[in-house]
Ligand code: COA
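First, one chain by itself in structure tokens, the form predicted alone.
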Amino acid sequence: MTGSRSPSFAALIETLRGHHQAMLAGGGAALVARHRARGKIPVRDRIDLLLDPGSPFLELSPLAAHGLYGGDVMSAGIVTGIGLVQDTPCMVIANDATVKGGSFFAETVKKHLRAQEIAGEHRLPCLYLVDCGGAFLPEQDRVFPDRDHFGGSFYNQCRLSAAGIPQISAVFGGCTAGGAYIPALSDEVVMVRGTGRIHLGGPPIVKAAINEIVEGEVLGGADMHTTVSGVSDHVAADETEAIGRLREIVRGFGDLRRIAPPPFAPAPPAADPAELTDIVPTDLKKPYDVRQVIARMVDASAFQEFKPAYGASLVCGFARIHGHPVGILANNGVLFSESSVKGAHFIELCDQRHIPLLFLQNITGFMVGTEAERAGIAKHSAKLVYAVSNARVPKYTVIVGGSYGAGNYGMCGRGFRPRFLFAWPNARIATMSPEVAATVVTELRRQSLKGAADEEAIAALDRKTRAQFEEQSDPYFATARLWDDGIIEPAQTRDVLGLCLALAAGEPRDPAPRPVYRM
């Protein structure tokens, strides 16, 4: 086996890198130039200045809103991710003012809320780099009124602060209406003189509401808010100074939240992770041995398999990733009753032993048919779903192939609250494959017509259904809507998981008894 990639996977990775490169342009060259001309630093450069030199940054959902809104809302206008500041892991939530003035679209809100959710689970201080025009008014019905809309981010911010998780803001631009509440609800605020502004209603709104004419700086500038209103706690002469002040504030946290070292010495895999693209076919119909995938992710390629001779279509076992113990459940085919109860048993073992769970999804679903139903696939698959739902240890999911039907549920899909969920560029996620969906829909149509079927119309329905499921199961369709936390290259998976596992290391363990039922 060589480290070279197969042409098909190489093309997928090249496409992924191209999309990531395009996303870095933000709102485009002209708007970035105007941003710089105002003395402002592009959003990812701000983050680079904020983070410890040479430290990693795990950016989340970089392709949010990909292909939506005519391709004009790169990264949903906000950059979120986890990095080290003063050796403290922090959640960074940073508006990109070159994208529609940093306004919030539906995907922006979803991305912001997701970042806060991750911060709450891992007790990560939130650092808001604010340059936000509030809700994008033409999309207000998808942004403003509902439970998980813009107001949810303020609710989260209050709850995180009350839980002792610091909420710190640096204001780089105009923060109007809802955008004003991000700094106003923060524990500590830094504002940049001349460009940073906070006002619930900007000059146009003030004029319309009370017929008062006022300049923006007088209404909500850094000096006014730092010396008069008290909304801001620090004023900075420029953005670099503001970022430096943020770093000083984080240094004052002390040992509030440090990453615990792994309990075991990390070791690289004995098998080369670059070989993953040779092992895993992009054609989801072609089988492969998922043990070969695991061997290229885990420390020393060492994998202690659980019940290897039973329920073989689900591979379960213990391993380590960057020194962190992990229990792995990986698909090697459709889930039968035996593999379902095996998976439930294994999850309970990991839960008892306080071992995090990693799900590697490549699943068409649970077995169907008369024999499977008589063998109790409904109740046995439910046992796996129940075990996944009630596991108290951290869960992580990577979609390495297909993620279809109830198999998505049994293998800890998004609805089952994994700490992180990533996908490979060959991933597909839908209720069923395009081929199966087309067969189901056309057969239902034939049955409804009771023998009077128009075969030309049936063929057209077949084509329409296939096209719909092809489009909607595409990984970029999924990541644009934040059904995952990002598409990653296979060879990156081990390091990404290592960072995620490290964030949960050292968490207090639930002392309650954890029984193991042999399903």
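Because the structure is a prediction, the values reported are computed rather than measured. So that there is no doubt, residue numbering starts at 1 and follows the sequence shown.
Note that the form predicted in complex with the ligand isn't included here; everything after this is about it.
Placing the ligand onto this chain by superimposing the site C-alphas, using its pose in the predicted bound form, gives no ligand atom within 2.4 angstroms of backbone or C-beta atoms, which makes the site open. The stretch in contact with the ligand in the predicted bound form, judged by heavy atoms within 4.5 Å, is 170-178, chosen from 375-383, 170-178, 306-314, 118-126. Exactly one listed residue, out of 134, 407, 221, 166, brings a non-hydrogen atom to within 4.5 Å of the ligand in the predicted bound form: 134. This chain is displayed alone, yet in the predicted bound form one of 425, 413, 101, 402 has a heavy atom within 4.5 Å of the ligand; that residue is 101. Among heavy atoms of residue 38, some come within 4.5 Å of the ligand in the predicted bound form. In the predicted bound form, at least one heavy atom of residue 138 sits within 4.5 Å of a heavy atom of the ligand. Although the partner is absent here, residue 205 lies within 4.5 Å of the ligand in the predicted bound form, judged by heavy atoms.
The ligand in the predicted bound form comes within 4.5 Å of a heavy atom belonging to residue 34.
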